[in-house]
Each structure stands twice: as structure tokens, then as C-alpha cells.
Ligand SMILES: NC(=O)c1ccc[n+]([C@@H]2O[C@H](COP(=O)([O-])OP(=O)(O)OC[C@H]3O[C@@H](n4cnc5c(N)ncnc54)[C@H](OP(=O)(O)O)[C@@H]3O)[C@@H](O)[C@H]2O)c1
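First, one chain by itself in C-alpha cells, the form predicted alone.
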Amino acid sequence: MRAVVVNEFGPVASHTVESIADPEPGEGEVLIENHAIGINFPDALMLQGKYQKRPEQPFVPGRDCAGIVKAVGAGVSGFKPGDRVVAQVFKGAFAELVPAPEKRCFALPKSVPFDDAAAMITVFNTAWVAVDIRAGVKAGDTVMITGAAGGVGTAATQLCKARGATVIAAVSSDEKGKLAKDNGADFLVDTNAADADTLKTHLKAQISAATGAPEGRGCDVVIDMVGGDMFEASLRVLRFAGKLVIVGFAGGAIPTAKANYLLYNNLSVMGAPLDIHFDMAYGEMARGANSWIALAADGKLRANIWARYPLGEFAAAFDELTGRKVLGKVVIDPRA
């Protein structure tokens, strides 16, 4: 089969597509004939050896794929050859054939295209952890989402809207604001500010206006992808007993919270890590994946695919992704 192979860590463009032996499914594994690959920033880190987990080399990278079950290993009871599936694996997705643990595979209805599913699985699973498992967003809540035009941001917006929440999208440009609106955001707030103090007052004034000027109700939940100054500014827009859920630090800086401010305003700050939930709360993750897949099958969620590339041009796909040139998801066709 053809696959991207990492023989030693290095720049994305230093890796190549090679012909290697077809894998066989091990015990508890499903072998997937791959039809679509979703790419994410952690994949770029993995290729460079900058991810927190570093597989033994050589290895095939990639975590998101969708296709048809070709074979199953011993002990697999939930899938059979011919089934349509989407999978999220630790490595191995950048290939024509992907061995995946049965617990990382989910049944895919015919109404959900393979490329949509591969583009959605990481961002919607991550958003599910933040929106459902950690924040418990419910109908009537007001939720601000920072980095709202990113993959997880647009997924979180859609999930919040699906459960009847009001969504305020924090964005830095008109183009990103349009994408947030297209994904269901009710209000937009501008995050451009000269410094941290200005951002605090600027953001709080906009949230007050959106939630009922002059005082405003504030937000029940903030889902933060950005970190840095945005994290501290986001704490100031929470109402009594509000929750701030940390998804990532796209802004680069890892922030800290002043415990006295959390105490005085009865606030909760919590993390929403994806991978550890598969290990420690698999039942909740399976429920979440099957829930958003059902919503996608009903046409209630969108994948926001920006571009498609053949496997041989994976480096160009990553150049577009890591250069922050995209507003949406990039997918790779392993059969092209």
C-alpha cells in the first residue's frame, strides 16, 4: 500500500509517500480501506517530533480517517467487512489501509460522506468534550467561544446551537466572523485590542451589549481555544457561577488564573483534553461520537471543508493548514 512514512522526525516536507507492506488487523482491530483523511495541527507536530507522544520510528502518522472495513481481527464483534466507519487513531491514518482499534471506530451512516466524517471526527470529538462532558451546556445558556472560526470553534458553535444555547463568537476579522455566523453564531465580538487591559474592557463592553445593555447578563460558559490575554479577558465576561473551559492555547501563551478572582465570583475553570477521555471515560466518548454523527446524518452539522488534496501532495496540504491560510478543514484523498 501507499503511505506517508516517518523514518526520522523532521519538517513536514522532508517526509515522503512510500510503498510498504499491507497491514493485517491485530486482535481487537479493524482494518479500514481508507477513503478520506482529515488533517490537524497535532499531525504536523507529530511529523516534526514535537508532539507530546513520539512513536517509535519508522511509523505511519495520522489520526483521522473514514472508509470501508476490509477485515477484522480476533475478538472484534461490532464491525464486519463492508461496514462504513470513521475512526480516530493515534497513528496510521495517512495510508490506503489503516488498522484501527475497534473502540476508536464508529459506524458511519450512508448519508455522511467519507470526507465530511474524516474532517469532523477530531474537532467534533474535542468540541463534545468541552460542550457536553465538561461545560454541560444546555438550552438557554449563553456561551462565548474564542477562536470561533477554527475547526473546534465552529464545531463547538454547532453543538451549542443544537442544544438551544445562544452563541457569541469571538473573532479577529470580518472573514472569520462570516464563517462563525455561517456555523450558527448569534452574535460576534471583536478581539482586536492594543494590549491586555484594553482587551478586557473592550470584550466586556461587547458582551454586555450582546447580553443586555447596560449591565448585561454575562456568559454562562466560555470555551477558550486561544489562551494568553484572551483567557484573562474571558474570565471577566462570566456571570455568577460561570464556567471557563480550556481547549487549547492557539495564541501561544499559557495563562494563569488568580484564585481570589475565581473565589469572589464563584467561577470554575476546567480543561477539556480529548485523548485522555478515550482512556478514562470511553463510554461518554462513544456516546458523544455517536450523537454528533447522528446529527450530521440528519443534516444538522456541517464539515466546513476548505480544500482537498491527493495523498502525494500531503506536504502542500499541511503548508496551507499551518500557514493559517484556511477557514475550515483540509482533507486528503488517499486513493487519488
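All of these numbers come straight from a predicted model, not from anything done at the bench. Rigid core here is just the name for the largest C-alpha set that superposes within 1.5 Å across the two forms. The first residue of the shown sequence is 1; numbering continues from there.
Not pictured, yet referred to below: the form predicted in complex with this ligand.
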So, residue 12 and this ligand: in the predicted bound form, are they within 4.5 Å at any heavy atom pair? no
With the partner left out here, check for me: in the predicted bound form, does some heavy atom of residue 321 sit within 4.5 Å of this ligand? yes
Non-hydrogen atom contact residue 309 with this ligand in the predicted bound form at 4.5 angstroms: no
Examine residue 304 and determine whether its closest non-hydrogen atom to this ligand in the predicted bound form is within 4.5 angstroms. no
This ligand isn't shown here, but in the predicted bound form which of 248, 184, 73, 216 has a heavy atom within 4.5 Å of it? 248
Check each of 172, 265, 166, 208 and return the one that places a heavy atom within 4.5 angstroms of this ligand in the predicted bound form. 172
Decide if the three candidate residues 131, 160 and 242 all line this ligand in the predicted bound form, where lining means a heavy atom within 4.5 Å. no
Choose one stretch from 91-99, 107-115, 232-240, 143-151: the one whose residues place a heavy atom within 4.5 angstroms of this ligand in the predicted bound form. 143-151
Members of 34-48 lying within 4.5 angstroms of this ligand, judged by heavy atom, in the predicted bound form: 40, 41, 42, 45
Does residue 290 move its CA by 2 angstroms or more between this form and the one not shown when the core is aligned? no
